[in-house]
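Okay, here we've got a single chain as structure tokens, the form predicted alone, with questions on binding and movement later.
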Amino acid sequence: MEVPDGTNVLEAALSNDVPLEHFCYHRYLPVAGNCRTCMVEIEGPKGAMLTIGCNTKVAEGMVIHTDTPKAKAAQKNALEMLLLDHPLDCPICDKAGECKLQNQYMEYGLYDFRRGVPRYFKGGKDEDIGEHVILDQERCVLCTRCIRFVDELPKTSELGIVNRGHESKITIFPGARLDNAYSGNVTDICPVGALTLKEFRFKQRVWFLKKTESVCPGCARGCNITVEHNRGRVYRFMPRESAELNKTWICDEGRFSFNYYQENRVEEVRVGSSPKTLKEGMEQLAGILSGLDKEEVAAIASPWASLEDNFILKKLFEKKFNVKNLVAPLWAKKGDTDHLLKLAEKYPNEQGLNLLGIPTDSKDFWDKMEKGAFKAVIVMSQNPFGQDEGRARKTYGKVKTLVVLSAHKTKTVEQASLVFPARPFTEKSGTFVNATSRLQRFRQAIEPENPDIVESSLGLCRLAKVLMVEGFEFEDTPSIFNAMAKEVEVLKGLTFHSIPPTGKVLDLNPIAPEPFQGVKAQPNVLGKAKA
């Protein structure tokens, strides 16, 4: 086998589909080598010798044995030591179903239990150590993944090992709390049930969860995630590996935002104070717009909306109204930022607006709106004034017909003449372009029960048909993206389904730096084997 220079034995094996047990190793953390489960035999001048694969670099001509009787016995014995004092509470442990200790035992263990004295339990059950994290010390196997994470990434170092020998245990430092902005990641990398999330604890068995590839819309970074759901409800967002973007991490702000997309929802079409069907609402809106001059109609696109939503809105204004009356104000620009993943821009698709040529400078637009130049304004996935009710009431008061397409009830929705429920990103497919110009695809996880709740892009297509505007015969998001890719130069040659799972960087100037600025790259991450 041929691998890049500097690759460790474990990565060389895994990248060539050679199974090799491992436990404390994590490819995006420094090597600790303390579990000893990845033992291999390497031939040398004095014969084959046992060593750990995670901290041994591959060399030219090296001969490595992973499944000899001696290597397998060493692997099995190391696993047996890890399980020696581990409590057998799998039926009530939240990690059951995705526990590395369970999986390793079933794949590499299956030994006869040999301990002749009672187990030693460390105690420390159900300890509240942070805003989101619970610690069960008796389950900890001292892999130190969590310690390495808080030392290397957020650099907050809240965790450490106390005591010695079999009494060693993980704990927080006196007076400290595990409350850094990335604390939830320690529960992902904990290979057992020692560290669990309060927000997920005892909520759902992991084998019931369906996993859908998606992108976090919490900021312009666009971290890769999976939406994990069951029976129409989202139970958690989990990081999805992307070596070029978020590796296997996400911030707590994005991780715990999943309930936001299920609460405070717009559930039905409303005209004035009366509920309507989607068909009735579109027909009434089309009747209003048909009686107006094209200069009297305006629209507000959105950096929270998908590329497809904004494309269809722009296309409608190009064909039916005046595209110069289309803007996308960036009112929520400020927010927390750091050197890891978080960006101040708290929306996922500003670069998508730049790609489509939709202006974000809206001063002239608001001046016209406040002077009553627009008789009808369509607002998509926006709350342009935030919680500034006074300005919202003053500005919207100049608009006779305010049309809002929104997933959530906002101050703008309260002011609207016509309201159309929209789907959040968990309930539709689409694309975003992140701050470093990476085009990323997200897929629909949940189908809403109400058939009148449709994607904003498809709702606008229905409106275009009622207005007798041609060119909007789209049935789903992939077909919209494919049509858009034929018109937008930097997207040419792409189709929705050809976008790589971790995205594709476009020829578009980035608006933010790459992630993990100032964080030393881990030497054990060198990509897949060449052959």
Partner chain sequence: MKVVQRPGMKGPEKIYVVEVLKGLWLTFSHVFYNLFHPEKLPTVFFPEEKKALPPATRGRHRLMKREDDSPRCTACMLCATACPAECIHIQAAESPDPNIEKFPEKFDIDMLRCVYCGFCVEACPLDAIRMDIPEVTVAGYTRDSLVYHKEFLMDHDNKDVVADYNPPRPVLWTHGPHAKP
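Residue numbers count along the first chain shown, from 1. Everything quoted here is computed from the prediction, not taken from an experiment.
Just so it is clear, the following notes concern the form predicted together with the partner chain, a form of the same protein that is not shown.
> Within a 4.5 Å heavy atom cut-off, is P91 in contact with the partner chain in the predicted complex?
Yes, P91 is a contact residue.
> Hey, in the predicted complex, is E455 touching the partner chain, heavy atoms inside 4.5 Å?
No, no contact at 4.5 Å.
> May I ask you to check whether Y111 falls inside a 4.5 Å heavy atom distance of the partner chain in the predicted complex?
Residue-level check for Y111: no, no contact with the partner chain.
> Would you please decide whether F121 lies within 4.5 angstroms of the partner chain in the predicted complex, comparing each non-hydrogen atom pair?
Output for F121 is yes: heavy atoms within 4.5 Å of the partner chain.
> Just give me the single entry in E167, D126, D338, E280 that has a non-hydrogen atom within 4.5 angstroms of the partner chain in the predicted complex.
Here the answer is residue option D126.
> Pick from R177, R205, K400, K294: which has a non-hydrogen atom within 4.5 Å of the partner chain in the predicted complex?
None of the other options qualify; the answer is R205.
> If the criterion is a non-hydrogen atom within 4.5 angstroms, does every one of D136, R139 and R201 touch the partner chain in the predicted complex?
Yes: each residue has a heavy atom within 4.5 Å of the partner.
> Using a 4.5 Å heavy atom cut-off, indicate which stretch of 91-99, 262-270, 311-319, 369-377 touches the partner chain in the predicted complex.
Selected stretch: 91-99.
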